[in-house]
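In structure tokens, the next block holds one chain alone, the form predicted alone.
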Amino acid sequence: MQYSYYPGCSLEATGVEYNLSTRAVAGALGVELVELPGWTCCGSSSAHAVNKDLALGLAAHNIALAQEQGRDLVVPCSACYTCLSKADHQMRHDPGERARGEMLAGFSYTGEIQIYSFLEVVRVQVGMERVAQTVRRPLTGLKLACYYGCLLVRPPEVRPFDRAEDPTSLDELAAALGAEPVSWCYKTTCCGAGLSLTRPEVVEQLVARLLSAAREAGADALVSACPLCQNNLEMRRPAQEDIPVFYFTELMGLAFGLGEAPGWLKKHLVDPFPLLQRFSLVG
């Protein structure tokens, strides 16, 4: 099972642990991720707000690169996935947008490749049975609030792999890893990542509400699939709040018994080791 791989800017910087863990667990599941040669920024999360040509052109450029490679494209970052899959949807279904994208990126769009989030690959292409079979250290007793954020499964006509209002793929994954997903109402509530630099006071209120709701639901930690959400949930929280947030791929690595997994967790702004030691998941 081989895919082209678009890490995106965040996974080369503030979300490097998401990049490392994605590559590692993909290998453990027999999924080969081949980094897309010459990839560039997709324009998230500012281009779409200031320049429609820039937003489509940046995404179309990377789609053109993937088309040249002849492999479906995997994108772990929810924001990048949104930009690329939206542009692909526009060019696939709107002849005018296709022509504009082709002009901006200097290529001929064929529609032959598909764009997937890594979570979608895990759920649909790999399957939860295979995930469960790969577990060596179950996350038994760990209660997780699965946080999808506002981009990963929306809009449904562009990203139909899960339900837009009450998605379940992360919950299914948590259960396959041996953890207990909690029921809560904030799965897809926005964390305010787009306002993180311009209106931090708004973001702090949104994040405080999310973390409080996760606590009220009985969660020991949150699990995310987006580096922008991850940064917000760690950086913009109330000073006294210490509930950890994990990338889903990090929890997969722990459950699979991958030796490099603890190294990813050292990059977090909120120390997850006391919680993991309590559940005997790290030494």
Partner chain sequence: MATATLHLPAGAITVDAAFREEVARLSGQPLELCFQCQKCASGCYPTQEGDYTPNEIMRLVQYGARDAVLGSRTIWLCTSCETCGLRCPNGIRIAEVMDTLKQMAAARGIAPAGETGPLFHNLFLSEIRAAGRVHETMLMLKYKLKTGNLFADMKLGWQLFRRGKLPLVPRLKKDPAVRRIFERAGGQE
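Quantities reported herein were computed from a predicted structural model and do not represent experimental measurements. Positions refer to the first chain, counted from 1.
Below: the form predicted together with the partner chain, not depicted.
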{"item": "Of A213, A132, A164, V182, the one that lies within 4.5 Å of the partner chain in the predicted bound form (heavy atoms)", "value": "A164"}
{"item": "Interface residue in the predicted bound form among R98, R137, K143, R209, criterion: non-hydrogen atom within 4.5 angstroms of the partner chain", "value": "R209"}
{"item": "Non-hydrogen atom within 4.5 angstroms of the partner chain in the predicted bound form for each of Q67, R92 and L177", "value": "no"}
{"item": "E112, heavy atom within 4.5 angstroms of the partner chain in the predicted bound form", "value": "no"}
{"item": "Contact flag, E260 vs the partner chain in the predicted bound form, heavy atom cut 4.5 Å", "value": "no"}
{"item": "4.5 Å heavy atom contact, R123 to the partner chain in the predicted bound form", "value": "no"}
{"item": "Partner proximity in the predicted bound form: L73 to the partner chain, non-hydrogen atom cutoff 4.5 Å", "value": "no"}
{"item": "Stretch in contact, per heavy atom within 4.5 angstroms of the partner chain in the predicted bound form, of 50 to 58, 24 to 32, 217 to 225, 251 to 259", "value": "50 to 58"}
{"item": "Stretch 257 to 271 - residues with a heavy atom within 4.5 Å of the partner chain in the predicted bound form", "value": "K266, K267, H268, L269"}
